[in-house]
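In structure tokens, one chain follows: the form predicted alone.
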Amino acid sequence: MEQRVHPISKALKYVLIVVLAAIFLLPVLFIAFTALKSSSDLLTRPFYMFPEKLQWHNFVQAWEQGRMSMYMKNTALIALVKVPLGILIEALAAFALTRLAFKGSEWLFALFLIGMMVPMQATLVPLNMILNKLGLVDTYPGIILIYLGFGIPFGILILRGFFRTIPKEIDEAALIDGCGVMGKFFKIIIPLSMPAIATLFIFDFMATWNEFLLAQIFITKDSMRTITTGLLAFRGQYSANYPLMNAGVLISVVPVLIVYVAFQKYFVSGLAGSVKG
């Protein structure tokens, strides 16, 4: 028998959802208000007040003065190499852990998880020494390798969970049809795992696009800076142009929103399958 939900309980849930949504949207709203204000408006009136006069040209100035096209191009290059390559490596590792029976697979998976527990700050000195010896400081391969190292444990965790939900009977059917190990991986496991891969793509792209600390330390050339470090151009020695900086922040989130919209239909099912597995 279907259990009926009390109208008051249902209304309270909707109220709670609206309140939580408002809490999360308020910072975005304040950033938008600041981006549309003049410097004098920002200094003379409270930050939460609607702009006295909308300054749409702030976005044009932020794009041109902040050289955002160059910084976004650098970030896009890094993300579009790192994210697909990382997902491929993570998928191969998850496939081996779930589909290839070998002794010590659980211990190997635990070793990967330990990588998620290592604080990023504790690795900065060793990484700097290694990259200097290899001549990879201020290079795209250097920062991509670092991003791969930090991202692989989480990717394996997500994909391993989803791969475990795929019935093993499919493997036997694939072998009967003449599929080898790699054929099974590319023709069966990967197509069936597109929801999880899309979910991981969103998370990974967002993390790579928004990463600041490693990019600030290992990329010092201005022509190679990423968008997060490039936004510091709006900050001077004694002051910062907050309207332009916030306009730049809003511009910088557009690619992340595009990626999310493109893959959002897979997001919930992929995340649910990964947690269940």
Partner chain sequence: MTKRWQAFVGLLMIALIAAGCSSSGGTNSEAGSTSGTSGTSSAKKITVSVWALQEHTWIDGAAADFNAANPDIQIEVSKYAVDPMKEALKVAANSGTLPNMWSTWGGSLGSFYAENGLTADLTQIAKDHNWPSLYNQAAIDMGTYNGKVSGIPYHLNAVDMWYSKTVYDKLKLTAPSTFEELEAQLQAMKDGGITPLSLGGKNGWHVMRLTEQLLEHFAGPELHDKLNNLTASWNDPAVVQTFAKLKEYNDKGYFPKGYVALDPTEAVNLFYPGTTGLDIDGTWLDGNIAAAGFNVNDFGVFKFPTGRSSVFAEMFQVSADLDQATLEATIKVGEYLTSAEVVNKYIDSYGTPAALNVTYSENTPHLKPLLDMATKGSFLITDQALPQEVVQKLFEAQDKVALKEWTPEQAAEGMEKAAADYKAKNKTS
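Positions refer to the first chain, counted from 1. Please read these numbers as outputs of a predicted model, since none were measured by experiment.
Beyond the structure shown, there is the form predicted together with its partner chain, which is absent from this document and is the topic of what follows.
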4.5 Å heavy atom contact, residue 217 to its partner chain in the model of the complex: yes
Any non-hydrogen atom of residue 144 within 4.5 angstroms of its partner chain in the model of the complex: yes
4.5 angstroms heavy atom contact with its partner chain in the model of the complex for residue 39: yes
4.5 Å heavy atom contact, residue 105 to its partner chain in the model of the complex: no
Residue among 49, 54, 26, 232 with a heavy atom within 4.5 Å of its partner chain in the model of the complex: 232
Site check 88, 239 and 242: each within 4.5 Å of its partner chain in the model of the complex by heavy atom: yes
Residues in 162-193 close to its partner chain in the model of the complex, defined by a heavy atom within 4.5 Å, in order: 186, 187, 190, 191
